[in-house]
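Below sits a lone chain in structure tokens, taken as the form predicted alone.
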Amino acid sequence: MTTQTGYRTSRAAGARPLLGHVPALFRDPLPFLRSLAEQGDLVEIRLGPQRAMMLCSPDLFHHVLTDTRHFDKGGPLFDKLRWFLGDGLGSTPHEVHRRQRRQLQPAFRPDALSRYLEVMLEEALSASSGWKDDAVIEVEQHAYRLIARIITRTMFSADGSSAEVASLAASYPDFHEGIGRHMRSPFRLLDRLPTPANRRFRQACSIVSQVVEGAIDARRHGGTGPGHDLLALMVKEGMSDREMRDQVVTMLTGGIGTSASALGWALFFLSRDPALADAVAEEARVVLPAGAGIDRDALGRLDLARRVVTETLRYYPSAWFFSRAVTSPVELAGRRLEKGTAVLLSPYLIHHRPDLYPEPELFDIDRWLPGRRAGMPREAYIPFGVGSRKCIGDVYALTELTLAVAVITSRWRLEPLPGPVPRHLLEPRPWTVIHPGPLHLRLRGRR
């Protein structure tokens, strides 16, 4: 139905009795989301017994994320996260979020990011220097280790090679898988069953909490540490141990899995396009000669690596599916939504609309050349969200990913193994973020 506002509204086809559209979200979530854009701009779906409204139009997406009077964090997907994340920056209501963001923003300002550049470069060089020619690596596993070392060194001044950091990197795949599974589950009873997957998830949660609480305790009793990292900033702001724990867990959850999956996908796409990989490598060798440091000017000259990252986050945005809740009655796309209505948003859905991105299933970094990008609607690219709740670490993430792609590609060719790759290894796994399967690539050293 087309409303007087010009938007098309509908109810999604294929709902199952009692379960609604949950089977489709579990079985084939990405094709299901792509199909919704064909059914309307505002499409009603069912998550078990609960009805929710899926936004399929970029301007509706932008409207909901910038209208803090009527929409706030909440909904069935979001509620599954809060029990563990607590009251961190990513989970608090709008008014609390404003205060917290002001407190934490100094850690993400340009002067702070400039301090992080050398650490990011050092870790990328260190990670890739330990590889061996002709070896086969599991890409995302190495990406987790690298990103965990970067974020713990820059945000918390931790020893990036410590056992605690290694345990964080090892636990986050199980953590993200568990959160993603619980988010899509319509019945809380399923989340509590002692299945192997649920046990792995609980163990991962326990490891993350132990490491974070240990770091906070050490900082409390061992002095404030460096004056510029995130822990020092939170101590200065007078946060309690619980407040610090929630913020650190939020930063790690939002920073490790998202960037690790994006780096894994970027290296995967480059392994399928040797000519592009060679061009990225040559650019990196010119901009980052051996033994040279890094500054913001040099970072800006890594154009190809940046466009690889930008297209990767279009193709598989890390925050692929999330929700908001209506906080007071409002009309949206010609439909009246009552307080408590769940509103679902998917950057992946928007990024794969063919009217916005011709041939959306094609990985094409030239979409981001200035001439082509100029004709794109502002609301069409949303890997970090928009509005006051846009990811606080968006520039940080783009920086570490661009550097990692440039450094790794300048040192190594990553090649697919010979022979056909089993289809299930190439299919994305949408948990909390969209992970690649266990992709194994062969390393060939560049001379």
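Numbers follow the displayed sequence, beginning with 1. Note that the structure is predicted; figures quoted are calculated from it, not measured.
Omitted here: the form predicted in complex with a small molecule. The next part is about that form.
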- Query: Any of the heavy atoms of R324 lying within 4.5 Å of the small molecule in the predicted bound form?
  - Reply: yes
- Message: I'd like to know if R115 sits close to the small molecule in the predicted bound form, meaning any non-hydrogen atom pair within 4.5 angstroms.
- Response: no
- Query: Given that the partner is absent here, does R307 sit within 4.5 Å of the small molecule in the predicted bound form, heavy atoms only?
  - Reply: no
- Non-hydrogen atom contact L47 with the small molecule in the predicted bound form at 4.5 angstroms: no
- Within 4.5 Å of the small molecule in the predicted bound form: all of G254, G393 and Y396, by heavy atom? yes
- Of P58, P29, G40, G385, the one that lies within 4.5 Å of the small molecule in the predicted bound form (heavy atoms): G385
- Please pick, from I365, L89, L337, A342, the one residue with any non-hydrogen atom lying within 4.5 angstroms of the small molecule in the predicted bound form. L89
- Message: Among the candidate stretches 257 to 265, 163 to 171, 292 to 300, 136 to 144, which one is within 4.5 Å of the small molecule in the predicted bound form when only heavy atoms are counted?
- Response: 257 to 265
